[in-house]
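Below, in structure tokens: the form predicted alone, a single chain.
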């Protein structure tokens, strides 16, 4: 009986909360709020909150068209692989130091790898489509990945070092649960002066990794006709769109874990509501506002911005933490 209960508990965590069902619903709601806020900032009424869900339902009923010269297996499997990796990532993000579906000693490293898979899936899918527009888009996607991946890695190392100095004898931890525990005992990371540059860097990293405007250089519909997604339709396109929404929620939730982990109550329902509120605030700051007020960046501008200002902010925090500040 105990084994059955354990299995049912695992299935609930994986399939419902904090796993697949909750992640999908939260991602669609967050995307709807983002679109509504952008519209309001541009003096428009905007679509209903559930418009992202309506769009996905419409795509589910559309015909799947595969280019004649495309690699069919890679073309169809890439969107599913990218979405699956993000759903697995949701299982690793704790809501408090005591509540996490799947925990480990190195889940920060696992999260870093899993967040790279969707970008690789987009590149593989675009390359397999045999489209010249997708070819341009995948080259831009590769530039974007190289631009934000190094600053993201340094931000994660900085947070792990800061938490590890107090919570681990080795002076370094790669456990998100330990990061949450440190913040529960010593306050949120964002309240530490040495971590503020890293938090700012993370806020800049999120829109580029999500592929949100003005960092949507790989799609750029007015320039290269949706780029990496030019040849996609129907269910595969729905998977890509859903992965975009889920990645928005995953990254904003990861920011909450890394820098706002001290604002927890220990009550799962209350912590869930707080997490959703924090995700909306983070989305507004780093995705909605740039989308509403900025024109799309050029490819070289994205690379230069992330390897100067964003990388500089991350390195400043890393240096301060390594000096024990």
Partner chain sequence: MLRKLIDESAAKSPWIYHINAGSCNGCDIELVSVLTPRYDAERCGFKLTGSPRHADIVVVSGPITVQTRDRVVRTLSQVPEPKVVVALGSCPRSGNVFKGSYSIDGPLDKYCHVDVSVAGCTPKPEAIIAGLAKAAEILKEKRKEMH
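No experiment lies behind these values; they were computed from the predicted model shown. Positions refer to the first chain, counted from 1.
Separately, the form predicted together with its partner chain exists; it is not shown, and the next lines address it.
- Its partner chain in the model of the complex is not approached by residue 153, whose heavy atoms all lie more than 4.5 angstroms from it.
- When contacts are judged by a 4.5 Å heavy atom cut-off, residue 231 counts as touching its partner chain in the model of the complex.
- Using a 4.5 angstroms limit between non-hydrogen atoms, residue 290 is distant from its partner chain in the model of the complex.
- Interface residue remark: residue 55 is counted as part of the site for its partner chain in the model of the complex, having a heavy atom within 4.5 Å.
- Residues 166, 186 and 197 are none of them found to lie within 4.5 Å of its partner chain in the model of the complex, as judged by heavy atom distances.
- Checking 237, 121, 203, 254 for any heavy atom within 4.5 Å of its partner chain in the model of the complex turns up a single hit: 237.
- Only one of the listed residues (45, 294, 277, 269) places a non-hydrogen atom within 4.5 angstroms of its partner chain in the model of the complex, and that residue is 45.
- Of the stretches 294 to 302, 279 to 287, 47 to 55, 22 to 30, only 47 to 55 has residues with a heavy atom within 4.5 Å of its partner chain in the model of the complex.
- Contact annotation for 53 to 73: residues with any non-hydrogen atom within 4.5 angstroms of its partner chain in the model of the complex are 54, 55, 57, 58, 59, 60, 61, 62, 63, 65, 67, listed in sequence order.
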